[in-house]
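To begin, one chain is listed below as structure tokens, in the form predicted on its own.
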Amino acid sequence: MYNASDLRKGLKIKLDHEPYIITEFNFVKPGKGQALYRCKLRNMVTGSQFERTFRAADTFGPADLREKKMQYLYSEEGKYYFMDSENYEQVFLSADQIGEAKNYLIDNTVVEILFFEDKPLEVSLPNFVDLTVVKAEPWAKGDSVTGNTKPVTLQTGYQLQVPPFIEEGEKIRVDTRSGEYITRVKD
């Protein structure tokens, strides 16, 4: 159990039988009376946000969350399917739940799926993924007038800026947290 004094940004709590994450936190000590804790909460199931004020005596349970390693299989009609490698059980997440992660998902990528009471909520990607460049403008030495980077399209359809020497068919490493090019990958 958490007390109101344990609240802080990023803490996941169970409130009204739903998991919430605290996105903003402010401690308020009025001149008279007890301390107040003003929090901005985001429902981890619906994504809705609201503000709520708690008193020092309020208590909360930890959100019943667990992570499970799963393998990405495919997407179909806005649903992204994942499989547990141990028992072959499949779950899916909607495009809204996947968000920007769709830019880095290729078949057989192992990811962490966050569950709340056996309901999948969100996906956590590895920090780096290796993806193939499927479209890149050719580059010739001396093309420095246009800058030090050029746009390319990856096999997932994601577009990013890379150094000009990257060509079609090459594999590059991308940081999934920032969406930036890291390095060229040699097989």
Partner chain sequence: MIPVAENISPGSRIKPAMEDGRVLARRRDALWRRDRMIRAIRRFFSDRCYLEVETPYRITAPAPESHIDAVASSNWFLHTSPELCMKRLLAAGYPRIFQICKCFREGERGSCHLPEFTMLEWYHQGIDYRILMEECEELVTSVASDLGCGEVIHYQGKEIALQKPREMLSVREAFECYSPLSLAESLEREKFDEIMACYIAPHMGERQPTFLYDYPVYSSTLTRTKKEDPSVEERFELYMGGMEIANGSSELADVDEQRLRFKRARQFRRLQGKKVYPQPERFLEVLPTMPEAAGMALGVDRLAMIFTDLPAIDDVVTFTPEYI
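Numbering follows the first chain given and starts at 1. Being a predicted model, the structure only gives us computed values, none of them experimental.
Keep in mind that the form predicted in complex with its partner chain is not shown, yet the notes after this line are about it.
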### Task
Just give me the single entry in V133, L36, L125, L65 that has a non-hydrogen atom within 4.5 angstroms of its partner chain in the predicted bound form.
L36
### Task
Taking 4.5 Å between heavy atoms as the contact cutoff, choose which of T153, T53, T59, Q49 touches its partner chain in the predicted bound form.
T53
### Message
With a cut-off of 4.5 Å between heavy atoms, is S5 one of the residues that contacts its partner chain in the predicted bound form?
### Response
yes
### Message
I'd like to know whether V45 contacts its partner chain in the predicted bound form, with contact meaning heavy atoms within 4.5 angstroms.
### Response
no
### Query
Within a 4.5 Å heavy atom cut-off, is W139 in contact with its partner chain in the predicted bound form?
no
#### Entry: N26 within 4.5 Å of its partner chain in the predicted bound form, heavy atoms
yes
### Message
At 4.5 Å between heavy atoms, only one of the stretches 114 to 122, 65 to 73, 36 to 44, 154 to 162 reaches its partner chain in the predicted bound form; which one is it?
### Response
36 to 44
### Contacts with its partner chain in the predicted bound form - residues in 155 to 187 whose heavy atoms fall within 4.5 Å
none
